[in-house]
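As a starting point, one isolated chain is supplied in structure tokens, in the form predicted on its own.
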């Protein structure tokens, strides 16, 4: 069945979190809040940074912020950056990839389903996801874990 990769799922989580923040957020902080593996969070943020979706600032109060408005970032773009082009079935993009394309009884309904899913990911923005989260009163709680400072 159709399934987003863990990398794409985490990227959406990270971007939604950044979209709900005013100040820069560190990779460590967001990994801790969502209990995600820090190395994977750092790699995804690096990829999002190189794609231009986010920007970073260095220093004590540094971290990551969205480069563009959450309303200008759609799911399709995030999926393209973290995975690859979406294709429910191979024949959507290449008729020649299918041996039975000319007589296939499922190609038309599956291609139609592909287009509906594609339209959904094009129409759904990061702002929609953030708003949906707010409407459900979902609140992210910061971890009570504090880093020990050795002097």
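Predicted, not measured: the structure shown is a model, and the values here were computed from it. Numbering follows the first chain given and starts at 1.
Only in words, not in the display: the form predicted together with the DNA, which the text now covers.
Interface residue among 43, 32, 118, 125, judged by heavy atoms within 4.5 Å of the DNA in the predicted complex: 43.
For the three residues 49, 58 and 62, a heavy atom within 4.5 Å of the DNA turns up in the predicted complex in every case.
Not displayed here, the DNA is approached by residue 39 to within 4.5 Å at the level of heavy atoms in the predicted complex. Looking at residue 11, you'd find every heavy atom of it more than 4.5 angstroms from the DNA in the predicted complex. In the predicted complex, the DNA lies within 4.5 Å of some heavy atom of residue 25. For the stretch 4-22, the set of residues having any non-hydrogen atom within 4.5 angstroms of the DNA in the predicted complex comprises 5, 6, 7, 10, in sequence order.
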